[in-house]
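This document opens with one chain alone, in structure tokens, the form predicted on its own.
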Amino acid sequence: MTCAGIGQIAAAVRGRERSAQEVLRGTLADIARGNGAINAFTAVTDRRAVAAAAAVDTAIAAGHDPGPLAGVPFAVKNLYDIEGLPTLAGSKIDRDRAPAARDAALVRRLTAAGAILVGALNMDEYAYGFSTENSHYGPTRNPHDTTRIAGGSSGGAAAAVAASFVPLTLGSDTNGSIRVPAALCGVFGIKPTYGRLSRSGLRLFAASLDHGGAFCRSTTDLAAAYDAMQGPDPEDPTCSERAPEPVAGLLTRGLDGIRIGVADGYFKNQGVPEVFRAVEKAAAALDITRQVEIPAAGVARAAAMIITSVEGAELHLADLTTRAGDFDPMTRARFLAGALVPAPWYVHAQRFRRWYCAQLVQLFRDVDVIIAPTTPYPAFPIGQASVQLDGQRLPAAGSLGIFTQPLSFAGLPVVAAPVAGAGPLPIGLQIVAAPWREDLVLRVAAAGEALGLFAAASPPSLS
């Protein structure tokens, strides 16, 4: 049952075909059996989960409604607060901090909807990376080939869904940290509009760029989870006061009235051929003929890197000056470099950002949705330092955000969708829309899934 989708599990539990406790036992057994090969989990909250599952079953037996996600197991990237656990954010330093006094807002919302938290997931330290090769807790391994990376920084979250340990996980995305691992692990991911979901209780990396989001194995599941997490939160000043706009009921509308374009120019270079073949496959399946040029995308990526490094360094400045040796060597140099960026660079980057966002608003007057590649290449072997791309030797992990950074820089909603049969390793596409149009990206993902274009990849058995 743990390989079933959110809707299937919740319907079975609510209909008393399976108890929440039975579903949970299967989930915990799957994690115990398979996590050693993948290293997705850094903590399993089994005692809490057992109590929560019993409470769901008791509510159903008493005739009460436990919520739309009744009995659905989920896990979260370990930068989300979990009551009673220190919020590691992939670090050694935060191990020493006091345990969280309560759950993060999105964890509370999923729990209120009946979902059952089963653990915390591995990540790049403080979310500063694209590979989840964590020096403190070990690398998370890709379920499709355990010699390869799962992507990052939400690598544990993507791998846990890809391995069918749980049907739902939460991650975060600053420059591509949901979309990159979703693509490399062959699952669906959503990075909503900046400010759409609460970040209360989430350990930030770069405050003006961070988003919370989710991973699932289908668009339907992604929409159900997203709907359960929506809503204003006075504890997060960046969270929009917009009322929830449910999307799950809109997925059957298909592509009617949606104008779709394929990203041109910058997004047709700097990648391996199979990535661009996946884009061509999507264009053919969805009958897309329009090409769209996203202005100054390369400059946007550079500006995003400046803002990321400065804001990240500022958040960790005290520890950088007193405990630099306790940082992961993979991230320490990046944070120190960010602390040395001249202030005018940051100001110019933010000034450019305002211009860039205005340009994209204009762009979405002509199209509703844009299709673009997610990563320039599939998952590479753990420990590989560089790649050869278009005649250049580039950092292997650092270059994974080539296509994701220009889009999160503007805070646009994006669904990362795995392309069926794209190659021996998973390859994903980004489905992008104007701010607050999560309904459109999810509708296009659902339509592509119905056509057989998008599908979660099935990894080899972990037994």
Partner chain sequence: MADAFDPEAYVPQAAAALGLPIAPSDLGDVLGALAILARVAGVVMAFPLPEEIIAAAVFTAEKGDA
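Residue numbers count along the first chain shown, from 1. Everything numeric here is computed off the predicted structure, so don't read it as measured data.
Below: the form predicted in complex with the partner chain, not depicted.
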Stretch in contact in the predicted complex with the partner chain, which is absent here, among 275-283, 218-226, 111-119, 347-355 (heavy atoms within 4.5 Å):
347-355
With the cut-off set at 4.5 Å between non-hydrogen atoms, does R148 touch the partner chain in the predicted complex?
no
Counting only non-hydrogen atoms and a 4.5 angstroms cut-off, does S309 reach the partner chain in the predicted complex?
yes
Partner contact for L250 in the predicted complex: the partner chain, 4.5 angstroms, heavy atom
no
Decide whether G383 counts as a contact residue for the partner chain in the predicted complex under a heavy atom distance cut-off of 4.5 Å.
no
Among V299, A207, L389, L363, which has any heavy atom within 4.5 Å of the partner chain in the predicted complex?
V299
Considering non-hydrogen atoms and a 4.5 Å limit, which listed residue (A303, L85, I260, L255) is close to the partner chain in the predicted complex?
A303
Whether K268, V292 and I294 all lie within 4.5 angstroms of the partner chain in the predicted complex by heavy atom:
no
